[in-house]
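Below you'll find only one chain, the form predicted on its own, shown as structure tokens.
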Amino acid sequence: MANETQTQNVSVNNFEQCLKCSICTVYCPVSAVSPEYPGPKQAGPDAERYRMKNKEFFDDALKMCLNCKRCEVACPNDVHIGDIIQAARIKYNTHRPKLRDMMLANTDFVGTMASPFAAIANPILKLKPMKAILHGVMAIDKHRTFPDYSSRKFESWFKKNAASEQDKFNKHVSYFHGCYVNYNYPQLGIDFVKVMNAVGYGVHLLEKEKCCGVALIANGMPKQAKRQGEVNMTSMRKAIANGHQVLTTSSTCTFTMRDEYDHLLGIDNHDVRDSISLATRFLFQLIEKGEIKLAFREDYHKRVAYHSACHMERMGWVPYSTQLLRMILGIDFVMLESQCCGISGTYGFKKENYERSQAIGKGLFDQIKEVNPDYVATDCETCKWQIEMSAGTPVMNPISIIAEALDIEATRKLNNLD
């Protein structure tokens, strides 16, 4: 179905395969708006030859890289350009993370602290004086809007409302919900459980889950990222041993655990990698094999524009989400041109990156405003934050749109669950 990448079979530090064609630079969203950035070819394969001889050749300009992987998607010879750049940042960067970076990267800690006080924290973070303090003291740009925290964590909802019902199903999956679902938007996790139960699958949480670590990698804390990754791998191995696929609803969490654990953190995940999948991919493959069916409400009518998140494109999984959405007859579907939104997780929150982040995403924001959809659909939560702030359009994960459009009773009957 999709042109899925097979990056696990190629050496990460494969810079000698570079053809010098510079097509990666043409597709680099940073190079397009920041001439001072050397570009992926020069920052990656070219400079790696020098860095291997002398670490003094490390250039702080590499921090401008978004790690969007669009250079790797464009590369005709499967050079891991983005990984080469990120590995150099991990190996050669001598600057310790700032307090700002530690706060932005430690999503479990901050989420645990903020959730009980969400009713107070959310409005305070929107106040101009607070934004000015964060801008001046923490170097978090005053124009950036923070995502709201939920007063009820997804894990709490699941234990109270869903956990006892899951064993009645004959088939089961484990769910890596991630920080966003747990602390910011539990509704996506609720929607996931709704959809999976409707097609006959019980949902179980992992024995222990930590943030996937993508923000820790980006902010110079690879050792902590590795510790957290090892916890996730141990829990996933237990779930897989019980016959479960591990499903996610975040493209970036999925990509990080499947590829960057091995490539950047040295975590051996060869026995786990192929059992980690995005929920839309899992559902589409079941439909394609004739194992499940979906029925949708006849009164559901929405104009939906799909944004291809960068890491979705790197995995080659965009068609799974888009084809599922096209199955909803009441959707007027629009495929947006492939463009990076510019936020790249914590990157777009930082004062030194904000203007660049917005310049990168401007073409996408303008396109969305022109299309004027009811929703933008995307599989990345930080893309959601960027688009809602900068284009003013509500953004939903494809799973939430499917859950909203789904005819539960009809779907259950189609899958012989009644």
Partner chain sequence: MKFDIIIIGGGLSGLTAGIALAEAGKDVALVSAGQSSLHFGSGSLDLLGCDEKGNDIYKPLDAIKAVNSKHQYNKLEDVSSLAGVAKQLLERAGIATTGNITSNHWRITPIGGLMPTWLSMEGMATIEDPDQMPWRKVALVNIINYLDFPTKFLASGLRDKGVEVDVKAVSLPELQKLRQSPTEMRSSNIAKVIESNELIVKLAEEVYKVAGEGYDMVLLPAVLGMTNSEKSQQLLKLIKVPARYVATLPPSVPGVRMQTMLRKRFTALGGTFFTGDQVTEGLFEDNILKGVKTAKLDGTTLEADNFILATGSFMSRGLKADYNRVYEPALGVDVDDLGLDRKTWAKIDVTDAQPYMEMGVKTDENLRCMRNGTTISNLFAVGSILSGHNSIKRLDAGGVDMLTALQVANNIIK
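What you are looking at is a predicted structure, and each value in this text was computed from that prediction instead of being measured. Residue numbers count along the first chain shown, from 1.
Keep in mind that the form predicted together with the partner chain is not shown, yet the notes after this line are about it.
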Q: Only one of C179, L205, C75, L264 comes within 4.5 Å of the partner chain in the predicted complex by heavy atoms, so just point that one out.
A: C75
Q) Within 4.5 Å of the partner chain in the predicted complex, heavy atoms considered, which of N67, Q358, T382, S31? A) S31
Q. In the predicted complex, do Y37, W317 and Q323 all put a heavy atom within 4.5 Å of the partner chain?
A. yes
(Q) I need the one stretch from 279-287, 159-167, 234-242, 192-200 whose residues put non-hydrogen atoms within 4.5 angstroms of the partner chain in the predicted complex. (A) 279-287
Q.
How about Y27 - does it come within 4.5 Å of the partner chain in the predicted complex, if we only consider non-hydrogen atoms?
A. yes
Q) E313: heavy atom within 4.5 Å of the partner chain in the predicted complex? A) yes
**Q.** Proximity of I23 to the partner chain in the predicted complex, heavy atoms at 4.5 Å
**A.** yes
Q: Indicate whether E337 is a 4.5 Å heavy atom neighbour of the partner chain in the predicted complex.
A: yes
